[in-house]
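We begin with a single chain expressed as structure tokens, specifically the form predicted alone.
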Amino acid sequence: MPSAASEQSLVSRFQLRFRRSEAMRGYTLLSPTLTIVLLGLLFPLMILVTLSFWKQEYVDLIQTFTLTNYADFFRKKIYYLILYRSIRISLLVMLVTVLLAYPLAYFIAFHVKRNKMIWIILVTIPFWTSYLLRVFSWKVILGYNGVINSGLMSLGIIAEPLEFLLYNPIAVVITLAHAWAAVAILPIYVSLEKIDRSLIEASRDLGESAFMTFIRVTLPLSLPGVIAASLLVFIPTVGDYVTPSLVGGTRGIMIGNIIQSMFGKALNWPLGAALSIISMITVTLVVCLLLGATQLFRKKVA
């Protein structure tokens, strides 16, 4: 049996190691928040996984293990085609949003000398309004009798309204890119703001052009912000079902619409849970591929 003195010595050594470890102190301070986050994410995910292996007959849940719901995904072509469409649309939204956000973030970080906070506030103004209101505004802009068609007809450019502006994947991309623009601008701006300006000056002093300095210095150093912006846009837009249902039409339906209908009108919660799990796994794989491609780009540029 260990003596009281040896136990006291072990406790003292543990306390000393704890005081010296910044990581342990940090985790202790974060432990309440981490606990809430884990409980808020883990339990719903466990319920979703469990539900995906059950069956539903009318309003009754059959609590027996089955892989029928996952088999239905691969057996019915419509499901994985819509998931593929969702990934493709979200990747396009991510690309368009980052390409539009980067120049504005670059301008604020490098060319705005005063009142940068005012520019940041202006960037976040779209978030002051409801998400639904922003989606409806694009429906008005792109509609058959909307702003674009009315303007083109009043200028005599077209004789009748254009029908292809609304209820298609492009309308979904435009609406989502506008809705998530501020989310992309802010992390890119923070990443650009942290770049040591002496590195850019050194590159120019060594004879590099402005373009090559951007490619070899500014862009690689700002990649953490670009990656953060890309993930913040890509991950939530895959599961968006409000925007596709309002401006996408039948050609713009995404996997979120199918999942929402399974938990709603179709009343097939197990299949909806299985589609959710498959979507999460697919998004995780795509994110890993994107991160891997980013690492290869960084090594190539370096």
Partner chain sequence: MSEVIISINNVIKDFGSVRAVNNADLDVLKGEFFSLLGPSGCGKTTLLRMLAGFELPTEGTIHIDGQDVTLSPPNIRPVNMVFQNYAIFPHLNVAQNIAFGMRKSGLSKQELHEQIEQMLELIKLPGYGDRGSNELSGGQRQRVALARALIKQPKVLLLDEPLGALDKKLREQMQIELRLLQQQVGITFVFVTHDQEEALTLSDRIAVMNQGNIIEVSTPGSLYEQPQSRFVADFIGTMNFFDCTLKDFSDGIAIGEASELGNVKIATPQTIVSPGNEFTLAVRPEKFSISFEQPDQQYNSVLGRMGPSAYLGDRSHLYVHVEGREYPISVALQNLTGVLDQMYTTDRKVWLTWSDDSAVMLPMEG
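Positions refer to the first chain, counted from 1. For clarity, every value in this text was computed on a predicted model and none was experimentally measured.
As for the form predicted in complex with its partner chain, it is not shown, yet the points below apply to it.
*Asks:* Would you kindly say which of Ala202, Met153, Leu92, Leu232 lies with a heavy atom within 4.5 Å of its partner chain in the predicted bound form?
*Replies:* Selected option: Ala202.
*Asks:* Of the options Met212, Leu132, Ala159, Val140, which one has a non-hydrogen atom that comes within 4.5 Å of its partner chain in the predicted bound form?
*Replies:* In short, Met212.
*Asks:* In the predicted bound form, which of the stretches 174-182, 115-123, 191-199, 76-84 has residues with heavy atoms within 4.5 Å of its partner chain?
*Replies:* It is the stretch 191-199.
*Asks:* So in the predicted bound form, does Pro220 come within 4.5 Å of its partner chain, heavy atom to heavy atom?
*Replies:* Pro220: yes, in contact with its partner chain in the predicted bound form.
*Asks:* My question is simply whether Pro103 lines the interface with its partner chain in the predicted bound form - judged by any non-hydrogen atom within 4.5 Å.
*Replies:* Residue-level check for Pro103: no, no contact with its partner chain.
*Asks:* So in the predicted bound form, does any heavy atom of Asp72 sit within 4.5 Å of its partner chain?
*Replies:* Close contact is absent here: in the predicted bound form, Asp72 is far from its partner chain, nothing within 4.5 Å, heavy atoms only.
*Asks:* Hey, in the predicted bound form, does Arg88 get a heavy atom within 4.5 angstroms of its partner chain?
*Replies:* No, Arg88 is distant from the partner.
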